[in-house]
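Same protein, same chain, two forms; see structure 1 and structure 2 below, as structure tokens.
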Structure 1
């Protein structure tokens, strides 16, 4: 019986358990217009990758704890000292110094505003979000960049005030653990597993 691939780290090495690929047989592709002559073959492939979040791991971990972490360049020698990044950026884009990590949950709760948005009726394979997907790009006071995320309740509009919500119950440990709702949304309106 197959088992999903599982990984943990010990002594800074990956330890793996289970199946990281699943076999599905090839099948021929034939031409119905020309006596079913052979044209090609399918190549099924189902494989699990092992991916490191590296220095961003703390950001993804914090989402499951209901916190939004940002970063800031505090290098006194940087021409652009004070640049604040959300998305969380490990190193300053200007001086390449290591940024300071800070908790910006409160800032997000008080200043998050829709910069732009879109409503997506289609999705690519492996999408796990319900359609239509409502993308929101979010500005925060004092933050130099504009985060891309998704709205879970209501319909977006430019300038709308938002609140962050977090998948704190059974987090996926992905960016999907962070979502947004219009200011004024009640706790009972949040999707399953999400909290303010």
Structure 2
């Protein structure tokens, strides 16, 4: 039995171990209306991709620790110095200087509101969220951008006060480790593995 691919970094290089491609036998495709005449074959393949987070790795790691990191342009030469970004941006969109990372968890817990929302009844093939998915665009006081995420409890309303929740038990190290609930939601109402 082969091992699925695993990756780690040592001496500033990716170290790859295991199998990243798993072949599955082809299966005939037959036409039931024409005496099971051969029409083709399936060609299933399973691949493991390596995605580098680069400078954004700290953002995804922090989610699993119950923290929401934002970034801010502190370049004194930037015309728009002080611009605050959420979602996390490594560089300022105006001066291209490297942004300062800061913990905005408290700000999110006190000022997050629904800017707008969308309820999705059907999703793509690789969706792992329960349907319907309640996508919310979230605004924060003093933040110049809007974060898109999803509501785990209740029904969204424009202007609704929100609280961030974090998957701190077995985090996935993806954006799905962050979700939102209406202010006033009790801990026992949170999805399994999530905490305030």
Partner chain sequence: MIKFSKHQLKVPKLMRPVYMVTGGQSKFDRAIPDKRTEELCIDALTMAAGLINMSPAELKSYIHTAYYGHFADHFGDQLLGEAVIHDRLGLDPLGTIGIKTGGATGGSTPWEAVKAVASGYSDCTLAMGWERMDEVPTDEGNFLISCAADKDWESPLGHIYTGYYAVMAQRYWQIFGKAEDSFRETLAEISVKHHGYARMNPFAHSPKKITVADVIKSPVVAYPLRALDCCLMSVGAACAIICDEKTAIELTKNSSHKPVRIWVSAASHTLRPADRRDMDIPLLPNETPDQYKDLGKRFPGGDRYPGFTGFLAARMAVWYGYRMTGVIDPNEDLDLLELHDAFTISDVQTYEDIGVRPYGEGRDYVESGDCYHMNPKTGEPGKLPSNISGGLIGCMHAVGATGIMQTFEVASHIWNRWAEIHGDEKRWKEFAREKPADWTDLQVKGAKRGMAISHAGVGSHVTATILMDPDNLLKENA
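Think of the rigid core as the biggest set of C-alphas that the two forms share within 1.5 Å after superposition. Keep in mind it's a predicted model, so treat the numbers as computed, not measured. Positions refer to the first chain, counted from 1.
J.: Which number belongs to the form predicted in complex with the partner chain, 1 or 2?
T.: Looking at both copies of the chain, structure 1 is the one that matches the description.
J.: On a rigid core superposition, would residue 42 pass a 2 Å threshold for CA movement between the two structures?
T.: After core superposition, the C-alpha of residue 42 moves 2 Å or more between the two structures.
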